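One chain comes next, on its own, written out as structure tokens in the form predicted alone.
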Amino acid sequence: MMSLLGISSQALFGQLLLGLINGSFYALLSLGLAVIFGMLNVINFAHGAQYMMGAFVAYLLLQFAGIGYWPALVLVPVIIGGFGIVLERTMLCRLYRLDPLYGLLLTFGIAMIIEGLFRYGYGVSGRPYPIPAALQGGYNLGFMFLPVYRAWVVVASLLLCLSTWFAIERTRLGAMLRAATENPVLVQAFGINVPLLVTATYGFGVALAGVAGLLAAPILQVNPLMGSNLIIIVFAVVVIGGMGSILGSILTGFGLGILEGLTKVFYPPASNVVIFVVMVGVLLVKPAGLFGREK
């Protein structure tokens, strides 16, 4: 079946699905960045490397311990989040009173070290990670073929994003986190352990990157460069949505993924730059981002 523009419905819906999948990763990663920046005022440039580490930890668990996909869904965020906690306690905690640029430079250096170590140990070729048996195959919907695993990635990402938004915006713990960001001295006076909240927040944001890496492993293969290829786009998503905006990161991530997919259908040469064109346009009109707050 052909559309009015001579594009088959299979091609159109296939690219929409691809856009949703990319948008799922954009949303999860930009959400982690937004949580970290919004609560800690740290621009975490190591996020792409931590995403790559999530994929590699899942791969190594399978290769050396025989631990498959489903247990890895629990272990990977715990391991990557634990790495983030160690990083925050040993390095980042020294920079909170300084300009955010120092945090960006530190995390950029950490990202280069992590990526360099994995490139030294595993090269740059992709390593396959199997789709779990329960998520193999797909369904013929008539207008398109829907792979089960790709549908699972979209649903899992959406559930994680909405759960995080609800926890931060609608629960007592989220209220404490926001209050600790605005006035840590006052919050600590009420007996709340603010440093522990800060550490847990960074660990959680990094754990989200680890989960995204695990979800991506069966689709993109496990590669030391997978994070560096994605982080620039994710930063653009965060800027468009508004630095520190949780809801903005989620909506913008999915929306830009779909826009990128549609661009590949109607004008493929522009698909690699459309997100950055949108970023420039948004910054010209609303420098704080679509959902950001003007200072």
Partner chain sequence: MSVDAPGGGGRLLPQSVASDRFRMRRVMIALVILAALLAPLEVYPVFLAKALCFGLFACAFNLLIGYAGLLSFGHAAFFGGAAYVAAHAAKEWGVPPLAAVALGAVAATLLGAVFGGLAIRRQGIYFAMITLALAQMVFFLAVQLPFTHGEDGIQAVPRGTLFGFVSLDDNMSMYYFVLAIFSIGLAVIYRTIHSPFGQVLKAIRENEPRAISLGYRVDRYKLAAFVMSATLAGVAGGTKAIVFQLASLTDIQWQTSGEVILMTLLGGLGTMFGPVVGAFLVVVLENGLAESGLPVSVVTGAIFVVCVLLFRRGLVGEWIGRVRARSP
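Computed from a predicted structure; not experimentally measured. Numbering follows the first chain given and starts at 1.
Not pictured, yet referred to below: the form predicted together with the partner chain.
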Counting only non-hydrogen atoms and a 4.5 Å threshold, tell me whether L106, V273 and L284 all contact the partner chain in the model of the complex. yes
Taking 4.5 Å between heavy atoms as the contact cutoff, choose which of L186, V78, L117, L196 touches the partner chain in the model of the complex. L117
As a check of understanding, the residue in L162, V155, A175, M91 with any heavy atom within 4.5 Å of the partner chain in the model of the complex should be identified as M91
Segment assignment from 22 to 30, 59 to 67, 251 to 259, 37 to 45: heavy atom within 4.5 Å of the partner chain in the model of the complex: 37 to 45
Quick one: is Y102 in contact with the partner chain in the model of the complex, heavy atoms, 4.5 Å cut-off? yes
In the model of the complex, A55 touching the partner chain (heavy atom, 4.5 Å): no
Taking the partner chain as it sits in the model of the complex, is L98 near enough to touch it, meaning that at least one heavy atom pair lies within 4.5 angstroms? yes
According to a 4.5 angstroms non-hydrogen atom cut-off, is I113 in contact with the partner chain in the model of the complex? yes
Would you mind checking 181 to 212 for residues with a heavy atom within 4.5 Å of the partner chain in the model of the complex? none
